[in-house]
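A single chain, nothing else alongside it, follows as structure tokens in the form predicted on its own.
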Amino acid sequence: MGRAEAEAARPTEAERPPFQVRGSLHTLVTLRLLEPDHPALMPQLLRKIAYAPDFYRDAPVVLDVGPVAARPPIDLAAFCARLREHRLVPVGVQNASPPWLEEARRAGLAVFGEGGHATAPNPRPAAVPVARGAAHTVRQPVRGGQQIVATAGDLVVTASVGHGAEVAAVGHVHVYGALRGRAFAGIEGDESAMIFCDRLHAELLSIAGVYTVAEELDPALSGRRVVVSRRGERLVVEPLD
């Protein structure tokens, strides 16, 4: 094809689509509602936010209503307005029954699939090991703003992960350097996944939806070689050196 033909084959400005739709991975905060009408809910939530204000500021929030799905729904529009007053941004609900779904739609919220918990009153299913593919290896530093995701197995980073960077994997996350950004293991729900790093300076650690932020980590572990695992509804960070 000659140059003139190639130029003619290119889409014109009018033919070029004005948008692209792409899947992506973003950090979402899940607020699991146990007693949404409890007067202590908002004060306790604000104390939690105070531990890591930079992380929670303008953070997208998914409301997990599984524990209360069998009850009549609360006024989600009013509840979301209260969250926005404190710079939390509710974007959707998960584990919702039909009445809660209808209330969510009235409040302009998206509907997410089931999260790490079963919709009440069904019992939580037993964890099933995830079949993993080959590990994805990254040999260069992961710099701020970059996001690396291993969608089939473990992620191995043989360099450092910078502030503002994100590394994530279906399986384990290994960082053979400093981990200064955010690490997500077990992103498809494998609670047995773990995070390993040579020098811990992480902004956030997450395994199968349970997370902890830098302000909640033991200062004695800063800069040390550690392994992070999930035990129930909490993360355990242990030194390896």
Partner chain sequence: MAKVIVVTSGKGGVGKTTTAAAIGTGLAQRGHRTVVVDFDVGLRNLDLIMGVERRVVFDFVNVINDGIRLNQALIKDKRTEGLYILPTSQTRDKEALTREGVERVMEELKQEFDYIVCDSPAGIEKGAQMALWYADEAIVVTNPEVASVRDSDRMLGIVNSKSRRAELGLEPIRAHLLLTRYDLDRVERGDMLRLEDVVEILAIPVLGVIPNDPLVLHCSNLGLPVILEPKSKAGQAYRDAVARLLGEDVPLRFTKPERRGFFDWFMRRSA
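Residue numbers count along the first chain shown, from 1. Keep in mind that what you see is a predicted model, and the values were worked out from it rather than measured.
Not pictured, yet referred to below: the form predicted in complex with its partner chain.
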Query raised in the report: Only one of 91 to 99, 73 to 81, 104 to 112, 155 to 163 gets a heavy atom within 4.5 Å of its partner chain in the predicted complex; which is it?
Result: 155 to 163
**Report entry** Contact flag, residue 191 vs its partner chain in the predicted complex, heavy atom cut 4.5 Å
**Finding:** no
Query raised in the report: Heavy atoms within 4.5 Å of its partner chain in the predicted complex: does residue 203 have any?
Result: yes
Query raised in the report: residue 147 near its partner chain in the predicted complex, any heavy atom under 4.5 Å?
Result: no
**Report entry** residue 199: touches its partner chain in the predicted complex, heavy atom cutoff 4.5 angstroms
**Finding:** yes
